[in-house]
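Okay, so here's just one chain, in structure tokens, the form predicted alone.
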């Protein structure tokens, strides 16, 4: 039963992104600014810290491909990005102290990388006409603010839960 705790947490973080968007208030402010929850990406960075980059890469590829199938029309964009970010996070965790604060900062950097990469792909294929300054003001800053709030509330409990799951797996 303990082997299903990490996949369950991954699914919970993945589904919570779309649930959050559904309950997020709709108004004039939210028409001009795009607040994009990246809860699964935060989970991925914390997973890379606790379980290593290889395991996080597996989750990144599977859920990235699922993200591509459900939310986007381009297959492979998120599958590649999540896998690459999990690899980079796993490598970075070997250089830095492994604590929730470092993982939170690395999560914010990962959000910037992911959103910039997706913006670049969209710009390259002509699906957006935003300049980088418009992207920065309307999408990246609001996304970072939303995810900073998420990290302030949930990063420490997420880190503790992943540490507990790792301990359970090591005991088996």
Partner chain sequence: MPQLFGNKRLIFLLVSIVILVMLIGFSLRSREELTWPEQFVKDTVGFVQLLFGKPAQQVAGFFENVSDLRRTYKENELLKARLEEYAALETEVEALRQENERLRALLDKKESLRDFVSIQATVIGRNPDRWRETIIINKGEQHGVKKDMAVITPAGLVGKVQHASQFTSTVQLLSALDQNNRISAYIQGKENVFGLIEGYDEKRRELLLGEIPIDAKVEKRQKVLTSGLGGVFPKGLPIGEVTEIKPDQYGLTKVVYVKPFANLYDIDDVMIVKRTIDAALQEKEEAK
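A quick note: this is a predicted structure, and the numbers were derived from the prediction, not measured. Numbering follows the first chain given and starts at 1.
Just so it is clear, the following notes concern the form predicted together with its partner chain, a form of the same protein that is not shown.
- The closest non-hydrogen atom of residue 4 lies beyond 4.5 Å of its partner chain in the predicted bound form.
- At a distance threshold of 4.5 angstroms between non-hydrogen atoms, residue 37 is in contact with its partner chain in the predicted bound form.
- When contacts are judged by a 4.5 Å heavy atom cut-off, residue 69 counts as touching its partner chain in the predicted bound form.
- Among heavy atoms of residue 55, none comes within 4.5 Å of its partner chain in the predicted bound form.
- For the partner-free chain shown, 66, 67, 69, 70, 71, 72, 73, 74, 75, 76, 77, 78, 80 of 64-83 come within 4.5 angstroms of its partner chain in the predicted bound form, judged by any non-hydrogen atom.
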